[in-house]
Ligand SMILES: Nc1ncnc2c1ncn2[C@@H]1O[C@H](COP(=O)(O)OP(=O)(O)O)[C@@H](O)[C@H]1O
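A single chain comes next, written as structure tokens; it is the form predicted alone.
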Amino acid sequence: MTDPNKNINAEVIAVFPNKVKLSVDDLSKFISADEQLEKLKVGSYLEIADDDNHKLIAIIESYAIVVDEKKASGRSYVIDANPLGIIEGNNFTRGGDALTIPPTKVLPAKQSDIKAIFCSGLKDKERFCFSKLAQNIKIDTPVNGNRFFNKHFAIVGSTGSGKSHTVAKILQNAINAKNSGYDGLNNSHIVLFDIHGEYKSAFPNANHVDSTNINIPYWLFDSDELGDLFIESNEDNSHNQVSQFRFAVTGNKKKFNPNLPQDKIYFDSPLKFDIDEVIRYIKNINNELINKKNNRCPTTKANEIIANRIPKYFESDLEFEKTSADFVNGPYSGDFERFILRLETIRNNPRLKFLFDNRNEIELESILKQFLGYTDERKANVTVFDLSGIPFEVLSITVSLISRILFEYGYYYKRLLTGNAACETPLLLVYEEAHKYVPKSDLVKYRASKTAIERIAKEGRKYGITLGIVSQRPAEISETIFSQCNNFIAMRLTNPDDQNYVKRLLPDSLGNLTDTLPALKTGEALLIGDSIVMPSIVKVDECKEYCPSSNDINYVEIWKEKWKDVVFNKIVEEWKK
């Protein structure tokens, strides 16, 4: 039998708390008995042993060539390696301070040992895999699926780094994972906010929702969302606008819900109201005249005395005109001219028809079913919200409403469960290009979505709702949201601000692994966090059948083709929709 140790010509020459320095006389002889292992390179694994059952696993960080005329080759090699942990039997433990001095042998790590690292302590029912080791694609890098999905995760990387394919692969693997013994859908529930409309091709059987079929009634908006939609906060009398708008909406909700306890109806209660009647109220209070000699009650041109503005001001546009010196302006007379114009402009905007048309015919139950893929037509594990057709001015509050409703769904579902029963339908919310609606900004237009998603980041896990944050500009994302993520898939990042931001937020640092961020290939990533036994550079598996429509355009190849005419009238028609 061949002695696997006969070619050993490496030795440990220095040990530091976070580094091991090795000297190798001849790299051609520095080989493993494992013939399948690829040639050594930066990122390759080594085993440093003091006996066959006790090995330190280290990863090569760098190497240097030392000129040595005494050697036959005229040179030797010095390798710097980062210690990862100890393998005893088939168990891997992080940390590298348990070796005796000096170690007896140094070899490239065997595949069986590397596989043992990633499978150590991982039960089959917890195993979830979507990538392989970048240095050796024969080795899977599974994660603990419970920890990966339960504690929020983030996928970051510059454009073209492979983020969309990574998102698609992770979610496809999640919806295809099953226990044996049943057919049909598994119990995964995923909501994907698709800002560019690129995931329809990746999930052809998903529940696809866009601006043409989305059910988002304006009456479901909370106070922040209604304020963002209708109130201009920088106007001088915005406080009066807010007070009267809140008063009118609350009064209108009471009118439309007479069977509910009236003292339990508030401005942001998820109850129906009629925005046209609210606008009518604002118009009337802006035009009203008061009769000084009649208890200062509003009085119309027809001399009709209005004892109660509600519900009278909801019913019609009243005419007010001074008929004597006894008539004076009401408390808000003329103050709301611009406010009324803005209310009517928003109400009649054809691009916002999905908020206002036939909204009072929709029930909350049907909204939840559409959001979660429980429609009567079919069930679906994934709901893709195509936000590409949503006007930018309402993008934030649209995302805010959907996020908030889903959080409250989880909250009230939890309340229905008895005792300490676990959540029956855990929900994952994936935000593509998250910096678009939860940026590190104090602007009012982002307030609603930031509030909703930050609440999920801080409290969602208790109710079975977790986040997947995807962005090419992590430095622009709300720190509250990003800092709650316990698992990261960091792909190629070329912007120094983004690189530094990710390095600062990563929960686990290992040597100079993060320095590889600008040099990663497409599809490669630094996988790090609570779900994986140790941080690793991985190659994300490719989508085999269904891919997102985010491939690069072959400019030069297309430009070489014959001139193509553009059908401008069709483009303009689509533009005007």
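Heads up: residue numbers just count along the shown sequence, starting at 1. All figures in this text were calculated on a predicted structure; none of them were measured in a lab.
What comes next is about the form predicted in complex with this ligand, which is not displayed.
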_Can you work out whether R280 and this ligand are in contact in the model of the complex, taking contact to mean some heavy atom pair no more than 4.5 Å apart?_
no
*asked:* Is V540 part of the interface with this ligand in the model of the complex - any heavy atom within 4.5 Å?
replied: yes
*asked:* With the partner left out here, check for me: in the model of the complex, does some heavy atom of T516 sit within 4.5 Å of this ligand?
replied: no
*Is D552 a contact residue for this ligand in the model of the complex, using a 4.5 Å heavy atom cut-off?*
yes
*Want to guess which of 307-315, 284-292, 155-163, 420-428 is within 4.5 Å of this ligand in the model of the complex, heavy atoms only?*
155-163
